[in-house]
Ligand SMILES: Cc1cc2nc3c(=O)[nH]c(=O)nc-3n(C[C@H](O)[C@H](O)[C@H](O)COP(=O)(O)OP(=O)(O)OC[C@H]3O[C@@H](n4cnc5c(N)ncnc54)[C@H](O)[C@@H]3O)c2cc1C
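In the form predicted alone, a lone chain appears below as structure tokens.
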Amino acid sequence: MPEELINADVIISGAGPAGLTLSLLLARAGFSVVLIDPEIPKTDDKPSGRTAALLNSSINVLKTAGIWEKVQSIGTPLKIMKIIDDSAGLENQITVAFEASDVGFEAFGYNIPNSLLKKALLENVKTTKNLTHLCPQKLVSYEINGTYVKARTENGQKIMASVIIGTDGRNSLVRKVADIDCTIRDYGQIAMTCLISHTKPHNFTSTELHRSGGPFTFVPMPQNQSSVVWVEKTEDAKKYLAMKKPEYERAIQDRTCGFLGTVKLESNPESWPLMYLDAKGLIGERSALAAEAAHVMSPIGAQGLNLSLRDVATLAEVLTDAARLGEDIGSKSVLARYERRRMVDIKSHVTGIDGLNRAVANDKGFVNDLRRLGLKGLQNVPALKNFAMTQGLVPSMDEGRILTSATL
């Protein structure tokens, strides 16, 4: 039997890290929030290669959401970021190392296991006032009635609010109902991830090796462990995933180029197909998109969740400022401020990562030569290298209160 109507200020559909973080930011700012979460809670905390390399601005978002103290101890600092072109073999590698100390930071950020990040977020969601967590429930429809949104979940629960926000991923229902068009493209690649241990220390260095097929990245974890993100063309990836453990382990060993010594597989490989998704806009009538409902990118450069957390930080600021001024938080004029603030950052990163992924995975001679020439430029021109660091690793677009000072 359907439950009574829930009245709230904001409905959030989708409870990945971005949706969970947004719900905490808004509830802590005084909004009444309903979070619709279709996932059955997982209790398995086994180690995995699925991690989030979070930059310092993203850490400020987690601080504002009230969970950084819970996850800091399980994170590993990222002090050096290396890019290595390995397309011409070991003897002809081109290496560019970005050091956090060069731009005045102790670390660019922290690498945090996804499962533990989500667990910490969920724990706070359960104890935060003004926040109703419907789980596991799925949004099936919503409609706009003048000054409010009326949504319904699969079990008949009805919720009414001023605005609905879609953090519901690449197949976003909120995006579909809001009639926001998007460009979607299959990359023909699969990303594989796993956790490895190794005999040599990683020295808090994240290393991304570029070769035909896609990047191979190992990111530091506690002690002598690293998470691996390995991108290959779909058919090749399927062959690797069909390997027995010793064969797969040897394939990883070969791709680390000896930087980590002898490696050992510590978790079963996981995989997912890669795609490009770019929404033409971020807002509809009393609705807004954030995170992977608005953009999906290749994992190259580890920009995905960082971009998503910048979305939710900006949205939380815009809605909070509007409420303080007594404005209708679901009005077009308020939501348009969010869209204006986010579009340049989103478009530049989605387009840039798309171009970089195409260049890295391209085995045509002239494209390969251009890529290697670009890395040599970064290697040999300090000013260019510092510019790349400030734009890619210390993003300055849309610097709001949360991103810079952890204040809402």
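Quantities reported herein were computed from a predicted structural model and do not represent experimental measurements. The numbering used is simple: start at 1 and walk along the sequence shown.
Same protein, other form: the form predicted in complex with the ligand, not shown, and the subject of what follows.
Proximity to the ligand in the predicted complex, defined as a heavy atom within 4.5 Å, singles out one entry of Lys63, Lys70, Arg50, Arg340, which is Arg50.
The listed set Ser197, Asn114, Gln93, Asn130 contains one residue whose heavy atoms approach the ligand in the predicted complex to within 4.5 Å, identified as Asn114. The stretch in contact with the ligand in the predicted complex, judged by heavy atoms within 4.5 Å, is 288-296, chosen from 288-296, 98-106, 257-265, 321-329. Using a 4.5 Å cutoff between non-hydrogen atoms, Pro215 does not count as a contact of the ligand in the predicted complex.
Interface membership of Glu39, defined by any non-hydrogen atom within 4.5 Å of the ligand in the predicted complex, is confirmed.
At the 4.5 Å threshold, heavy atoms of Ala302 reach the ligand in the predicted complex. Ala18 belongs to the set of residues with a heavy atom inside 4.5 Å of the ligand in the predicted complex. Residues of 184-221 lying near the ligand in the predicted complex, listed in sequence order, are Ala191, Thr193, the criterion being any heavy atom within 4.5 Å.
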